[in-house]
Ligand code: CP
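Take a look at this one chain, the form predicted alone, written out in structure tokens.
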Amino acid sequence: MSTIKLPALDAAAVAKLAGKSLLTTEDFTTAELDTLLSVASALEALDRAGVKTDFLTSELAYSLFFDQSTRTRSAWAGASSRLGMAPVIVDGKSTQVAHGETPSETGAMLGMNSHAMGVRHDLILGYGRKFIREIKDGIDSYLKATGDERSVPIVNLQCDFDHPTQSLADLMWLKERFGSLKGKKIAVSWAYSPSYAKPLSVPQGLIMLLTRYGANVTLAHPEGYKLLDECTTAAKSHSAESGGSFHVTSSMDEAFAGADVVYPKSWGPMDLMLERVASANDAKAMGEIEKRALERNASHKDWICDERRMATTAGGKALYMHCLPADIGAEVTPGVMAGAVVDVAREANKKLYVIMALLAGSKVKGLAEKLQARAKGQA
């Protein structure tokens, strides 16, 4: 068997990932994120060559979903099983949270059995991120109280603030396509959706992460669709440090003009997303807020990624990106999507390797050496 070429791995840097959880990309240094993506690329190279990386056999990888998911759910299952773990996917509605059990209690209960925990809780502003942190506190407290030395990393599979596995997958895909992002214009734009008021976490995660890498990020949205100030402040700070730029506009045309990458994605209007916080347990009120959100969206049907706007991008050939599923005919025209089907599928596939890297980096001792050994055909 010939040696599989892997990206350069700094064993000492990889070892520093041990025990780390991913609650938001803001919790990682840029150097740590670079190391994480190098591990993800190495795992992808081995996986595509058919080499097993079952370093964590007989372990359980729990995930807890309080919202619908296709890509992230399957990526969690695929990533954990490739590492030899058994994925256990729990529907949030089947827990006792609705009956008053606290997140820390839920964390402790699940932490008794799990060796990793992924959580999606993205529906209510200000709640999901807090919920995930309390889950982590519950697991950590249980392990400490019982003298249990297991490493149980917590992975944010999307909250109200960030969607870190998605933004890291997007970054991994962009690095594969462009190498460096320095000087690249990336348009993160609101787009019309008639389906539901989507969370703010995808665009927030993108502007916080991509500005670290010297990109010129333009955020576009209609009036009333601003993102959390904490996220735009972080984007401004990161762009100043990386030598890139961060600009906000109310014009989708301006964002697309000369762009190397476009990411048109709907999210809910800020005032109504905040209004949902006080009505989270009132189904009727939530339904009324949702109705008003979609009515608000409908006043901006011209915010669509179409052939005309794509023609104004760099060389008329900007890379189209989306976390999927895209609302075809609303967020993007059928023609534009037809030309991007392979690209968005490859973008989505990167999430599998990001999650693998998070779990392996946190849990596998001597990971860099073990990856190199597998690449050389050694056990």
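Here the structure is a predicted model, which means the values were calculated and not measured. Residue numbers here begin at 1 and follow the sequence given.
There is another form of this protein, the form predicted together with the ligand, and it is not shown here; the text below is about that form.
- Answer range among 47-55, 306-314, 323-331, 32-40 for contact with the ligand, defined in the predicted complex as heavy atoms within 4.5 Å: Comparing against the ligand in the predicted complex, the contact stretch is 323-331.
- Task: Only one of R120, H238, R82, H221 comes within 4.5 Å of the ligand in the predicted complex by heavy atoms, so just point that one out.
- Result: None of the other options qualify; the answer is R120.
- One residue of Q204, Q166, S193, S189 in contact with the ligand, assessed in the predicted complex (non-hydrogen atom, 4.5 angstroms): Answer to the contact question: Q166.
- Query: T72: heavy atom within 4.5 Å of the ligand in the predicted complex?
  - Reply: Yes, contact at 4.5 Å.
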